[in-house]
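Single chain ahead, written as structure tokens, the form predicted on its own.
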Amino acid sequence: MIVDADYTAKPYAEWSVKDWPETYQNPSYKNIFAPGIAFAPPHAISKPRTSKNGTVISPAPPRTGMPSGITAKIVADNIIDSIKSGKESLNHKGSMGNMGAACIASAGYGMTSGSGVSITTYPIVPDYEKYPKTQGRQLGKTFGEIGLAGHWLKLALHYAFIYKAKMRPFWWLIPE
């Protein structure tokens, strides 16, 4: 769905982190929002490439998991504020150009022999103006690791998210 992003067709050199949405509100229908995988990205997050057989490869940003939860919270907070005030309120904002994401994937089984992959990236959409020397990312917050710690982290998150989904005491303290 189209949201508050800049969908103007332009060459790669003119793409900007400022093109990305902040409120995830549809510009034509103000009561419709599209967080997570529901919104249409304004462009790929990196320079489009072409495979040997001519297929265009244009990576889209991750919009599931953590980014989905964050954008959904932004939308929910804006809707709550709008209902409470009786007028449109879009005070809560968050572009993928200024939010990070973490992904943990279990890649094996066993309490001492399991393996997992832990990846973080900040920002999700590269900001070449803010981080020109490091391909648009803050290197201190962008990394990947493979090992037993990732497996344990994935296991802990599994139980934490089930706890949160069941709305057990203090469930709201568990981050997205």
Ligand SMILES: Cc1cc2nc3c(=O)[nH]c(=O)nc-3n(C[C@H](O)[C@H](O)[C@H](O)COP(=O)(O)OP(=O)(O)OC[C@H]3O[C@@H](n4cnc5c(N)ncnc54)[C@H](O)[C@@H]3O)c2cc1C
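These numbers were taken from a predicted model, which means no experiment stands behind them. Start at 1 and count along the sequence shown; that's the residue number.
Beyond the structure shown, there is the form predicted together with the ligand, which is absent from this document and is the topic of what follows.
The shortest heavy atom separation between Ile124 and the ligand in the model of the complex exceeds 4.5 Å.
The closest heavy atom approach of Thr120 to the ligand in the model of the complex falls outside 4.5 Å. Interface residue remark: Cys103 is counted as part of the site for the ligand in the model of the complex, having a heavy atom within 4.5 Å. Taking the partner from the other structure, the ligand in the model of the complex has a heavy atom within 4.5 Å of a heavy atom of Met66. The contact residue chosen from Gly136, Pro61, Pro35, Pro42 relative to the ligand in the model of the complex is Pro35, the criterion being a non-hydrogen atom within 4.5 angstroms. From the list 103-111, 49-57, 145-153, 128-136, the contact stretch for the ligand in the model of the complex under a 4.5 Å heavy atom rule is 103-111.
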